[in-house]
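Quick setup: one chain, the form predicted on its own, written in structure tokens, and binding and motion questions come after.
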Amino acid sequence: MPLQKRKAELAICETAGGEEVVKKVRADMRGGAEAGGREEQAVEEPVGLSHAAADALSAATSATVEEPTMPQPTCLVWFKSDLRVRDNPALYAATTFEPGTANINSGMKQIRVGGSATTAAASASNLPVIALFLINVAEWALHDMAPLRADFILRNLECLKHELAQLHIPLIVRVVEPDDAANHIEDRHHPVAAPTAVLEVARRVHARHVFFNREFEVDETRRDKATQHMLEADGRTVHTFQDQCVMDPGSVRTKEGKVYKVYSMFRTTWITHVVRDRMWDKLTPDPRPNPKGACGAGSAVAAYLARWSEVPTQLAGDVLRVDPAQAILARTHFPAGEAEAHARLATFLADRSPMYTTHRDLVAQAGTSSLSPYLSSGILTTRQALHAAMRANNGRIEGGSAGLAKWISELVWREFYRHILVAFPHVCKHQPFKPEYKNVPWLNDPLAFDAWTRGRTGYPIVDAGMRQLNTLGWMHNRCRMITAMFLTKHLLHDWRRGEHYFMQHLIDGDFANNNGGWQWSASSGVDPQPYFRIFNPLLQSQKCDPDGTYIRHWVPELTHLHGKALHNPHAELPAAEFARLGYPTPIVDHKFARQRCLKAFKTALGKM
């Protein structure tokens, strides 16, 4: 940790007073060693600030923000990757919370859709609810958020603001700035920055109770714990919920209590629990509205709400600045809002799911749901998708419609990777799931990596996939596997470089799924492809894009080609004709790359 960060923390504690507090913060800093981006910290026992340090920071912050004693208390809901009104446990709990009730952390029962609570009117005994979303550009950039995903979040924030307004719930869009009076830590992506901002907002709006849905990556868990500690040290109650999985991460285990490392076995047990407990038929009821005027012009918090009510259309600085042409394409392909997400889900289930098993790997076909951006940013939940799919399949996970059953199995992969992330947090620290793969002698060829990123490898299906990613911020799932395996097996480049590049460009960037997918392709992950399984790009091209529609669209140099010449132009065309295409020769020969890869992996694994 840089020296200035340590000095900032110690200065805060000295302001609050007490050598013991300073010692505790020093101990916290020693325990929070940084390691290449994501914190070296186990998720099972995430270390945020100690209670004493949180108390010290709260005391320091109070010197800046003095809370009046008279105004009516409120409930604050902190939105993160859950940008929706429906099936939102934290929002529902806040709108139905009654003062004097016990802390309801994670204990709220999910209620079957259609219950009376979904249409209940505001209760006079409930506290007014205020919503909060933090924009922390430094934290987003630190975690490789793509500019298109940041733009997608901002667009969905505007939709969320509108939906909340229908419930008379105001949304605070709080920008975390380095010179913010509430941010006593110099570095905006320091774990204390977000907790301090949440505490400042809670004081400004007189929130005695704060609600939020938890996140499970190591840094995010640490941030959530630090926020809870700081708020509780300030005398506020905190209510947290699990909303990202159908089954709580870590709850699906063997009879011996061990974590599943094989997807098929995980899926079998997961299905047993979901069917037995009817988890597929349980969604959180819709939230109740605020009383009209509760946070209006005459309220004590009106001025603060007005200051932070606008959703920016573009972020400051160049780090996450989106290209205007890309933004137009992304907004056309992925419109914002819950209504759009549910319309896509309904269309897929009704029209495309019957052909899912046969069309899902055809990259030129609209054979997939295209719901990944909405799932990754929490506009739609896995619970909602599962609920709708099983209702369409007459309550069946297996059997019935083959397409629906297969699509449900893909949803279970999302669950599986999150369970792995929680049980094995070292995957958040740039480490292979299987430690023996640390010794793979990866190459470092900047020119080859650059050719891969630009879609100039000389393999049409690989280049088409990468150009789709660079243009839309999205790539067909089959092409994600092809391009990832090409980088790791053909070019023998470290999977972490590809993981990093994908996250920086994907509109649906999701750490658990992206990491799981890359480690699957590199054979270093949980239940991966064996190291000797190496996709042949030519065969993949012929199987997944048989008539070449996808390649011709994304690789216009090959527009007029057909058949074998389209999939392998360098080998099928006369040299002079190939030269006129302006298309690169293959960057590496497939047979040579395969043998080189096998030798490298065997050496690393001691199999030579």
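Sequential numbering from 1, following the sequence displayed. Fair warning: this is a prediction, and the values are worked out from it, not measured in the lab.
Form predicted together with a small molecule: not shown, discussed below.
Contact with the small molecule in the model of the complex, defined as any heavy atom within 4.5 Å, is confined among 403-411, 439-447, 461-469, 315-323 to 403-411. Using a 4.5 Å cutoff between non-hydrogen atoms, Tyr531 does not count as a contact of the small molecule in the model of the complex.
For the chain shown alone, Asp508 is a contact residue for the small molecule in the model of the complex, at least one non-hydrogen atom being within 4.5 angstroms.
Of the heavy atoms in Ala327, none are within 4.5 Å of the small molecule in the model of the complex. None of the heavy atoms of Phe133 is located within 4.5 Å of the small molecule in the model of the complex. Exactly one listed residue, out of Phe152, Trp78, Phe486, Trp518, brings a non-hydrogen atom to within 4.5 Å of the small molecule in the model of the complex: Trp518. Between the options Leu375, Val301, Leu171, Val427, the residue in contact with the small molecule in the model of the complex by a heavy atom within 4.5 angstroms is Leu375.
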